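Below sits a lone chain in structure tokens, taken as the form predicted alone.
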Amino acid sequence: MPDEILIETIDQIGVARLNRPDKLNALNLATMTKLVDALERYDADPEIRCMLLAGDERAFAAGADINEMADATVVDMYLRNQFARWERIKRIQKPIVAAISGYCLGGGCELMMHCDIVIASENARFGQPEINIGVMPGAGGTQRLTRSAGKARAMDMVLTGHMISAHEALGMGLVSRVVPAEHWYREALNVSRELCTKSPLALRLAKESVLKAHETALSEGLEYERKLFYLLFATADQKEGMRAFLEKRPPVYLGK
């Protein structure tokens, strides 16, 4: 059996690629477990600055593996606690860049929404088609999609199972950039390399602050942002970054 997840390190980037091409990278429990384990190892590795998550040209992930759920009972699903793995992804501190080509549906779309910067091929297709098999999104699809795209568009996608194009997803705020089909992975790798030139501590706190905006009122979020901003003035990276700017040279960040 091939590995469900292919991992490699490129420079300071931890790369994880979904590898179930015969299933359009459908997400089963084994795949999700190996993926989360890999992301957590990258998050704990001081040599890794960011992560790149990808599928292949045909699909990022076409959804959950229905074979594991078709005959499950309520007790089976409760004891399986499959969404605990998703909560672990939510706790990843380093930036995650997603490279999306082809189908990004159901659990795949929910996984994409757990990432921080999303680079989509112009051929990518996004959707939450769970309604077509008698269920609904369960890994954040109704919540994150609504916060990004708004109630009307989220209702349309969730209640009809309608798929949208990459450019529609860009207009809804679901993806960061849309690129020509031949550049989907290269552009995501370039963005990851760009992140590696930034202060690791500033990246973590900036990510934390942006995510906080989804969960708090504006006044509370502004106070949280301000405290993290002040906190960075205790870092060597802040001194290096501002000194490099004044000296008109590239900064060298050490994550301290």
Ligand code: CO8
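Sequential numbering from 1, following the sequence displayed. Between two forms, the rigid core is the largest collection of C-alphas that superpose within 1.5 Å. Worth saying up front: this structure is predicted, and the values here are computed from it rather than measured.
Not on display, but discussed next: the form predicted in complex with this ligand.
Checked against this ligand in the predicted complex, the residues Val191, Leu35, Ala54, Ala26 give one hit for a heavy atom within 4.5 Å, which is Ala26. Screening Met155, Leu170, Ile92, Met163 for any heavy atom within 4.5 Å of this ligand in the predicted complex leaves a single hit, Met163. Look at 205-213, 60-68, 183-191, 42-50: in the predicted complex, residues with non-hydrogen atoms within 4.5 angstroms of this ligand sit in 60-68. Taking non-hydrogen atoms only, Thr146 never approaches this ligand to within 4.5 angstroms in the predicted complex. Shown alone here, Gln82 lies within 4.5 Å of this ligand in the predicted complex, counting heavy atoms only. Residue contact check for Ile117: none of its heavy atoms lie within 4.5 Å of this ligand in the predicted complex. Contact check for Ala139: a non-hydrogen atom falls within 4.5 Å of this ligand in the predicted complex.
Applying a 4.5 Å heavy atom cutoff to this ligand in the predicted complex picks out Pro129, Glu130, Ile133, Gly138, Ala139 from 123-155, in order along the sequence.
Once the rigid core is overlaid between the shown form and the other one, Ala244 counts among the residues whose Cα shifts by 2 Å or more. Remark: with the core as the superposition reference, the CA shift of Leu232 between the shown form and the other one reaches 2 Å or more.
Put simply, Glu225 and His114 come closer in the predicted complex: their C-alpha atoms are 3 Å or more nearer than in the form shown. In the predicted complex, the separation between the C-alpha atoms of Leu195 and Phe229 grows by 3 Å or more relative to the displayed form.
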